[in-house]
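Shown below, as structure tokens, is a lone chain in the form predicted on its own; questions about how it binds or moves come after it.
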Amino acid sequence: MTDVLIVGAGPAGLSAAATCARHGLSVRVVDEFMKPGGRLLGQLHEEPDGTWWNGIEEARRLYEQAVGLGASVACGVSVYDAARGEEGWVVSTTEGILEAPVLLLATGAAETALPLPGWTIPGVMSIGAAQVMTNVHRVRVGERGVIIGVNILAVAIARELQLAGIHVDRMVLPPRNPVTQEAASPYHVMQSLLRVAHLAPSAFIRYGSRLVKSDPLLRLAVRCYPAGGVKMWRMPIHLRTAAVEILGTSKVEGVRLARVSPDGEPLPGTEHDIPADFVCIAGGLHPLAELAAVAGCPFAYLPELGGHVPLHNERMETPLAGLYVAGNITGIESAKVAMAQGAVAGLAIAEHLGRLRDRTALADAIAHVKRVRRSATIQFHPEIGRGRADVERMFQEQGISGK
């Protein structure tokens, strides 16, 4: 039996593993993917200061650090159950039963699907799949593609595809249906994009975004949005055009588009087809928290954090004794925040098991998470601070059972 079992070898899990091992704890990390690193593996972008963030290199650094300190990392291992036993947590995996006094869930996030006619045709993929195929496996996803869904993640990955020499013809909205909701609303999409307009390569976009902060001006901007879209890195972003259907039989052959009203309703007579050989669907991310639910952890639905999240405090403790969470399972944020949260979880676990000598280290790590969050270049959700405060309050109201 190890002291700590960590599910997820992404930025949070590897950071926590290194922190626990540094404090003399035996640590085992399992992950269902064939390589450690999680979503870091697909990330490649230029920071505002001109430096490059290379997720593969960052994943390698975290892995080597954790293993160098004595942590065991096993990939290709799936976890399908977790239950509290007499002496700790009993976890069922594809390699048998694992037990540990402390269990850390760092399972990350999953992509949200945006269904539309033709979305099962070969050549249609999630935007995250395109990122992994391009940056991890070095596989060209196609020659000319369309991204359906306009959000912060889609814009970032579209740029990565461009850097790999893949032609992204345009980004458009999904069709309006009960599932897409805000993703199909020009108003809500423009509101979300304004949060990252300061990163746009065009000075015109950066300056113009500062003029439409008020609600009346924002609605006017949606009504006046150019029919040809606004180009970013020579790629048109359309907020008044939606995909109606993906065309093809044995493979993607094109996309049927239509102009939409400011409310996202299709305008009759505006349908037209464009050629494409691949389509990326970008529905955003939500916390991958099913294992926490299986373990019996109480949840809260907080749109500010991306959906349903397990209750936890700033020490990354859940109300269940010996169960901790870190990373995007607690709310959708950047890899840098996930790494900082992993360090907090590792220190909290070390304290829980009586191995933390420096009593200021945990408070310093919690403060570091907040600094990293404030300085984040991109915020996936605008009210992340409020969401964090709400989940902390709910945790306190729930009380800590079994401690």
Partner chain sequence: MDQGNIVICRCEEVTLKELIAAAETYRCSARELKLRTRAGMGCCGGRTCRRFIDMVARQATGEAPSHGIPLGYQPPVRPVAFGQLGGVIG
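On a predicted model such as this, the values are computed, not experimentally measured, just so you know. Numbering follows the first chain given and starts at 1.
Keep in mind that the form predicted in complex with its partner chain is not shown, yet the notes after this line are about it.
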item	value
Heavy atom within 4.5 Å of its partner chain in the predicted complex - residue from Asp273, Glu265, Glu245, Asp277	Glu245
Option touching its partner chain, based on a heavy atom within 4.5 Å in the predicted complex, out of Glu143, Asp169, Glu253, Asp81	Asp81
Joint contact, Gln181, Phe299 and His308 to its partner chain in the predicted complex, by non-hydrogen atom at 4.5 Å	yes
Contact label in the predicted complex: His286 to its partner chain, heavy atom within 4.5 Å	yes
Touches its partner chain in the predicted complex: Leu218 (any heavy atom, 4.5 Å)	no
4.5 Å heavy atom contact, Cys224 to its partner chain in the predicted complex	no
4.5 Å heavy atom contact, Asp364 and its partner chain in the predicted complex	no
Region of this chain that lies against its partner chain in the predicted complex, out of 157 to 165, 93 to 101, 314 to 322, 144 to 152 [heavy atom, 4.5 Å]	93 to 101
Those residues of 382 to 396 which, in the predicted complex, come within 4.5 Å of its partner chain by heavy atom	Met394
